[in-house]
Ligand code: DC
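Quick setup: one chain, the form predicted alone, written in structure tokens, and binding and motion questions come after.
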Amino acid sequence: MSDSFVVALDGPAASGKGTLAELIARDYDFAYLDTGTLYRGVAYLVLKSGGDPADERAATKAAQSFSLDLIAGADIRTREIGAGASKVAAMPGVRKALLEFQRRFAHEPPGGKKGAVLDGRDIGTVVCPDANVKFFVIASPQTRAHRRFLELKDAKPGLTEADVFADLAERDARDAARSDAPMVQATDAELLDTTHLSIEAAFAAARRVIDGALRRRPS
């Protein structure tokens, strides 16, 4: 069994889980993996080759040969790639190809770290069901749309908050309805609603849970 201390964060886009995961990793000196990067990376590679992320054969092929080096320096935070990521993430072949990568990262963290923090949609339910701590991070759809709009508006001058809201609603429905590893809260995950929380308050709440788990962990 791995000695790595694993923290899993799941939840919809723009709920704050990524920022929270980075803070946790930095504070505890754990390795951090944004698993959405993997799916965004697959969508990016398919689009870069002139393909369609909805093409399961092309997406699975890209996933099977995927490495983080292939997307180094690429802008994968665009609206188009986000939509593509949600499509490829629903494909069993893609998920199977990336599952082992994620589990290896969690249980054998790079850099000799003593723990790992992973955020995504199915970390606590499928990727790391044995994680030491699990969070399901949410926020109201309006709050999430506003956050994502602020992230994208400079790069997309014609973008409206209504556009972002519609995109997130479509993505949420797809992530929750997919047959393979749908986005659901693990039964043993702590629910963290960030709608009215600052990132500092959300981190403080998460830290109390993690510290408690660390104290209970056998030495």
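Bear in mind that the values here come from a model prediction, so they are computed numbers and not experimental data. Position 1 is the first residue in the sequence shown; the rest follow in order.
Below, we turn to the form predicted in complex with the named molecule, even though it does not appear here.
Q: The named molecule isn't shown here, but in the predicted complex, which of 107-115, 139-147, 121-129, 67-75 has heavy atoms within 4.5 Å of it?
A: Selected stretch: 121-129.
Q: Answer for residue 95 alone: is it within 4.5 Å of the named molecule in the predicted complex, judged on heavy atom distances?
A: Yes, residue 95 is a contact residue.
Q: Closest heavy atom of residue 190 to the named molecule in the predicted complex, within 4.5 Å or not?
A: Residue 190: no, not in contact with the named molecule in the predicted complex.
Q: With the partner left out of view, is residue 51 within 4.5 angstroms of the named molecule in the predicted complex by any non-hydrogen atom?
A: Outside the cut-off, so no.
Q: Can any non-hydrogen atom of residue 56 be found within 4.5 angstroms of the named molecule in the predicted complex?
A: Close contact is absent here: in the predicted complex, residue 56 is far from the named molecule, nothing within 4.5 Å, heavy atoms only.
Q: Is every one of 6, 7 and 134 within 4.5 Å of the named molecule in the predicted complex, counting heavy atoms?
A: Judged in the predicted complex, none of 6, 7 and 134 sits within 4.5 Å of the named molecule.
Q: Are there residues in 161-179 with a heavy atom within 4.5 Å of the named molecule in the predicted complex, and which are they, in order?
A: Heavy-atom contacts within 4.5 Å come from 171, 175, 178.
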